[in-house]
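Single chain ahead, by itself, as structure tokens, in the form predicted alone.
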Amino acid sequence: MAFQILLNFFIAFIWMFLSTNFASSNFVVGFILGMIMIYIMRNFFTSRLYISRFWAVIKLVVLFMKELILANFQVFMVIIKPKLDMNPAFFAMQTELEQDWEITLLSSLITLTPGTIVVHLSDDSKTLYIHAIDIDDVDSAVDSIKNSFEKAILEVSRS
């Protein structure tokens, strides 16, 4: 993947020097042309295109922003009720993630989302113990995390 990024920058610089226009807009045009050339030559690379991984990172960031806004709204609705009608709970979630940075990212995303926090990771790094401030169904909460954050992290990290 790093080779593809360097190749794309190299193509952009070559384009900029061949056109003898050193403006940043000309570099951007060269970068886009480099992306197109790398996409055309995708069968020559053994790894996944960096463009698809970059797109997966963008989707993960957008997913986190969406979940952050929704969780803030849900916590706000719990707080403004005249009678606190919460169902706090601890629950365990099995994860398919294997690498340390994947598990750390998942834990951070869960903790940064208001109303939830990862309190412990099992010794084998396969189970996350999570506390939620207001939860109705544990299975739906686990499915929600697995189908959103964990799936997006797998898309970023696996080829």
Partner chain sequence: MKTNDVILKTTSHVVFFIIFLFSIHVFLAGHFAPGGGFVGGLLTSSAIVLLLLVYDLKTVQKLLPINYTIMTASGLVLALGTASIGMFLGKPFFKHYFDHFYLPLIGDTELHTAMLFDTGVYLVVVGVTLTIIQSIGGDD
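Numbering follows the first chain given and starts at 1. This one's a predicted model, so the numbers in the text were calculated from it and none came from an experiment.
FYI, the form predicted together with its partner chain isn't displayed, but the following is about it.
| If you check Gln94, Ser47, Ser122, Ser52 against its partner chain in the predicted complex, which one has a heavy atom within 4.5 Å? | In short, Ser122.
| query | Hey, in the predicted complex, does Ser107 get a heavy atom within 4.5 angstroms of its partner chain? | reply | Residue-level check for Ser107: yes, a contact with its partner chain.
| query | Applying a 4.5 Å heavy atom distance criterion, does Trp101 contact its partner chain in the predicted complex? | reply | Answer yes; at least one heavy atom of Trp101 falls within 4.5 Å of its partner chain in the predicted complex.
| query | Among 122-130, 66-74, 52-60, 34-42, which stretch has residues with heavy atoms no more than 4.5 Å from its partner chain in the predicted complex? | reply | Result for this chain: 122-130.
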